[in-house]
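Alright, here's a single protein chain in two forms, structure 1 and structure 2, each given by itself as structure tokens.
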Structure 1
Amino acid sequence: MAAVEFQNVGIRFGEVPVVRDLSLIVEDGEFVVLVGPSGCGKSTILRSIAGLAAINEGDMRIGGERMNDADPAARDIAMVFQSYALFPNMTVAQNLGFGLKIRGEARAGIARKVAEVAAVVGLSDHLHKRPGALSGGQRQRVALARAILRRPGVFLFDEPLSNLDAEFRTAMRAEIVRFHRNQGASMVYVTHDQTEAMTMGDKIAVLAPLAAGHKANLMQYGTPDEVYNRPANLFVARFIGTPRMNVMTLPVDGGTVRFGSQTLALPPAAAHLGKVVLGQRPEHLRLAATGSESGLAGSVEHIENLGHEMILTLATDLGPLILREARSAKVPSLGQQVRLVLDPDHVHLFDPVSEQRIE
């Protein structure tokens, strides 16, 4: 049974549509990441699962049951807010026990459950403190513990790591993934950070804002590998991966395109087009051997040396291209003339009008 299921869901704020025709299934126990640029509706979709944003069209089911209009407290979900939303006037213990108290549990039962969950997330020594006296990471754990206490079928996270510094973020990332494995519950996780999406999710839903003219939000839904290796359209190709995929529009001539002196044969689906959009990730673009005349001429405009690898920005007739290479190779100097070669096995083709992938 699916944990969460969207079927042709639409959400409007007043007259402004924010989510349109969203169909997506989060399987039981799955970790799904909603990723996309700011304003694409990630939070709105997450909040519609929680009952904090109203659904105008379609159906949303949790555990097979239609929940469009159910009370938030009756949805078998728990949410971790970006701001953590801890009650500043209560101690950690009171924060954790708040829901139990509201639901009328006996005091002894509350204390036992709070102590248990505090031990799980390593907060036992901080139960008497107020959130204001905790570090960002500890607050994050309190928010997580509050969610765990509810024993929900679905955990919802809205950018829970965005308030932490980079180093701690990486640690918490691993902790949440481990937590998912232990809990076995379904999770829907919102982020605009595509690294977070790639490293954490069983599946990634890439979303685009309707305001940018897209007909629907969902651009692609698949595993991180699928999304990275076979982006369904230009939007996903550009959004997933750092540095970004190189994208160039090339004229088609007799079923082939030319990349400098390099000729590439197109598959039948692209051969009849007048132009085609060709994409290649920076790690697949290569420097030709010195003295070689193959490929496209370019000059080194910028070098980012990361120690284990380097990232080159090259000025070419087709615009700036990014190339990523392991540091085993010799580092070219700034302004040096080089030649670039495409890896024909890792070329992505897109229709210039529909922007959809061509196989």
Structure 2
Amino acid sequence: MAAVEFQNVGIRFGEVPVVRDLSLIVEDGEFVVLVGPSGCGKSTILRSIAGLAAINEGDMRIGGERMNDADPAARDIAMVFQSYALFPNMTVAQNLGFGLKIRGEARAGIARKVAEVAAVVGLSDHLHKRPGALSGGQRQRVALARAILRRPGVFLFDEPLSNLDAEFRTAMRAEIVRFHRNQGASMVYVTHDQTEAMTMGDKIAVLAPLAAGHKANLMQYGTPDEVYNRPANLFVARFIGTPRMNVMTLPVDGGTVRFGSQTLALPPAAAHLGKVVLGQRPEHLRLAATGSESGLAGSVEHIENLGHEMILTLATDLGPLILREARSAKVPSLGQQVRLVLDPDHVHLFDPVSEQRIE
């Protein structure tokens, strides 16, 4: 296995910068997820590890060795693609053994290794089939098994589950995480799906598009808990979390802000500002227990019944706010007047100019 390190890496397509000033380390044996919206550079970063995208500035190292100009075949990586990239005229066994055959391994050794890896990913009963006879989940297992046979230092995953339906995605997420746990391999995984990022990664790199005016792509790099509970800036706060965080800009008066009739004291770092951006996740915002409790007046505009919980959209003077309620709670009806209360222990504050987190 091997660590992957980016040191102030920049990548351009012609004169257009796609990745700028990227510095992060995937430690040996870590599972790191690159997540962000379209155009944020996540697939380009992955392709640069594989040697399929040229690095224009900075250094990229694998196992401590500079790999900027190294041939893709010399990088000791294996890649699992979104499109599976299987040979349709070959059986599963032939698809799995093809790379070993090209490398000149003996037929008996190939058969043994193919049988071993097929057992690991649950394909033993499908070795005689061709890809067209397999489900999407089974074809993705073939692609994963082929990468395992490569025995690389680093595994690269380029949105491998986006072609699967919801049930298969959930099952394959668990399989890939289990595979990582058993193999202890270094893995870099690209996705636009924050659920995949939060449930699979040891660490998450949240990326933003340069075209949106950001000076660099990397917005935050940390564990799922760190990224969710302490977003480094407004971009991360808005991007990570379903439903998204409630964000509102409030005037500062005497070191406090008002949420309707509720007053919140600000920390010294925010108390001197003229305005502050306040965020709170839907699970922390709540309905007032009594009519006299301080809070912000609103009305129920929309209700999503998810079975185990209810998602309420509420119209307020500060704009629409979202509230998450447990299914067992007494949920108000559409159009009902309510009062919202902030949880002061779970408030996120951001500078309205820099958009950075205020501690």
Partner chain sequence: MTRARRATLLSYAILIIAGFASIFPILWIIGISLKTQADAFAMPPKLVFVPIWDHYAKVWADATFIKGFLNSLFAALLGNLMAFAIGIPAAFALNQKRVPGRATILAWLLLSYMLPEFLFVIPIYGLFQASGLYDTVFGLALVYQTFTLPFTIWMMRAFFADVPFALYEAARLEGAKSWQILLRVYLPMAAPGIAATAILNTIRIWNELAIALGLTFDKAQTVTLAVAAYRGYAAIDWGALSAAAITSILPMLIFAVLAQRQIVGGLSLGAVK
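Note that the structure is a prediction, hence the values are computed from the model and not measured. Think of the rigid core as the biggest set of C-alphas that the two forms share within 1.5 Å after superposition. Throughout, residue numbering runs from 1 along the sequence of structure 1.
Structure 1, not structure 2, represents the form predicted together with the partner chain. After superposition on the rigid core, the Cα atom of Gly104 is displaced by 2 Å or more between the two structures. Taking the rigid core as fixed, one finds a CA shift for Glu116 of 2 Å or more between the two structures.
In the core-superposed comparison between the two structures, the C-alpha atom of Val277 has shifted by less than 2 angstroms. When the rigid core is fitted, Arg130 shows a C-alpha shift of 2.8 Å between the two structures.
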